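One chain is shown next in structure tokens, namely the form predicted alone.
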Amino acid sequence: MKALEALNRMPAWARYMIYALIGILVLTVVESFESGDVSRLTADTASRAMLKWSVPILLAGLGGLYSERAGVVNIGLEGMMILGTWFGAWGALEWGPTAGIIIGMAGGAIGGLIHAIATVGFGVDHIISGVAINIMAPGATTFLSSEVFGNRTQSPNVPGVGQFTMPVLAGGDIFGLETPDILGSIADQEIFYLSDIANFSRGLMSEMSLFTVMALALVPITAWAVWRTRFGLRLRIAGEAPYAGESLGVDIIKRKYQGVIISGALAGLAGASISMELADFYQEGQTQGRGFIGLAALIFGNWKPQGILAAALLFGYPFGVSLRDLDGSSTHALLLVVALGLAAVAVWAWTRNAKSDVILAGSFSLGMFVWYLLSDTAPDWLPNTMPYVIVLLVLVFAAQRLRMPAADGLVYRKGGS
């Protein structure tokens, strides 16, 4: 109990670092129990793919944060991402990668503006407006593709944005000169746990795209902007107590518009990262529901940037493992990881005297463990469903710790009460 209390008193960055180290330890232990080749669980390829695939989820989640902190539920993140995929690819084809990033953000911001006009300006239900955008965006991009690309479903290949590898730690270049690869050297020593940490960390620092750097930089920028600036204070007032803010002279409608448009721009950036980085071309349906996963990351992260980052990485990890899992052994090992995680939840619930949660988490853990023992490989659909399962588990076992903005989703009318 004292250890948990001491952990809760730590700064957020320290807590998440400890969680990451514990997670890598669990993966290392699972690797040692598995008979097959599952070294991919802590390989640099797994962490590199995890980071790459988590970027759209992270950007969409951060976009949802701005909107919901302003009191507007943005279920239309998926549609805004779709607009970002098309406009990002078109901008990159016409004027280059930098223009693609800017135009992709602008495309998403247009979707955000439409959502803001409907919800803030006309008082339309937030869910209905978001669903309408999700329906409208695929139709709009299909029409634009047929008119601009001459193909209703796909664009030509678009130019990439380049990659960056951290010098010294991961062996990147400085002005064309090679630097040491410290983490790679430690990984080659094959020291239990330590080499796994080094190998996993090396993947996070090598072959990073501009989108990855931007997404990671936006986490502290968002934390500072929303919680340490006058703009952020007024934005949060709009989502917590809009009528109290109005009585103090805050322009609530303006702040709501700003939050939703920024949300759309970040969702558009997420879409551009898919078409320009993950796929190298625009293709109809390529978002594959990542906007909704971004919403799930927002809930999982308790409407905080660092929590959204942790959720995005956690959701991206199964994809990273499955990409190079030709025989299914690594994905199968994830069943044991989930079983151990649920067992830890049961222990945590026991320390809080939550008997029903102990029984529920213990039953789920036992079920996953039995599934692991009775199977040799895991089904292909498992990595795609894990993000939603994790969010459901968070809602079941930690709902009392989640706190959405008090006025999130409520219709605001100037001069009301």
Partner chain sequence: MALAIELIDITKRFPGVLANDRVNLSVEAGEIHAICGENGAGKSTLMKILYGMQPPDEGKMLVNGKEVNFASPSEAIDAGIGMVHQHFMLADNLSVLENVILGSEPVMSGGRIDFNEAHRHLAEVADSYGLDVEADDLVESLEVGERQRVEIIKVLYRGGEILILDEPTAVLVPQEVEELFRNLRELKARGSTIIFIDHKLLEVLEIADSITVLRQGRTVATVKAEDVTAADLAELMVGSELPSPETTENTVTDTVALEVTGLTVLDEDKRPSVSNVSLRVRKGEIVGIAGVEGNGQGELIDAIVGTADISTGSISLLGEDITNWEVRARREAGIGLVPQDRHHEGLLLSAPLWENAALGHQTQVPFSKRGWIDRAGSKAQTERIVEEFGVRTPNVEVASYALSGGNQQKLIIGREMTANPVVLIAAHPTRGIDVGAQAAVWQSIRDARAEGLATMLISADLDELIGLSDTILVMFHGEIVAELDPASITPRDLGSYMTGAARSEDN
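Fair warning: this is a prediction, and the values are worked out from it, not measured in the lab. Positions refer to the first chain, counted from 1.
The discussion below concerns the form predicted together with the partner chain, not included here.
Colleague: Using a 4.5 Å heavy atom cut-off, indicate which stretch of 95-103, 305-313, 187-195, 249-257 touches the partner chain in the predicted bound form.
Modeller: Selected range: 249-257.
Colleague: Pick from 205, 336, 237, 261: which has a non-hydrogen atom within 4.5 Å of the partner chain in the predicted bound form?
Modeller: Here the answer is residue option 237.
Colleague: Can you pick the one in 344, 214, 233, 223 that has a heavy atom within 4.5 Å of the partner chain in the predicted bound form?
Modeller: If I apply the 4.5 Å criterion carefully, the residue I get is 233.
Colleague: Would residue 182 count as touching the partner chain in the predicted bound form under a 4.5 Å heavy atom rule?
Modeller: Taking the distances in the predicted bound form, the answer for residue 182 is no, it never comes within 4.5 Å of the partner chain.
Colleague: Flag residue 172 as yes or no: does it have a non-hydrogen atom within 4.5 angstroms of any non-hydrogen atom of the partner chain in the predicted bound form?
Modeller: Judged by the heavy-atom cut-off of 4.5 Å, residue 172 is well away from the partner chain in the predicted bound form.
Colleague: With heavy atoms only and a cut-off of 4.5 Å, decide whether residue 403 touches the partner chain in the predicted bound form.
Modeller: Result yes; residue 403 sits at the interface with the partner chain in the predicted bound form.
Colleague: Please run the contact check for residue 227 against the partner chain in the predicted bound form: heavy atoms, 4.5 angstroms, yes or no?
Modeller: Contact with the partner chain, yes.
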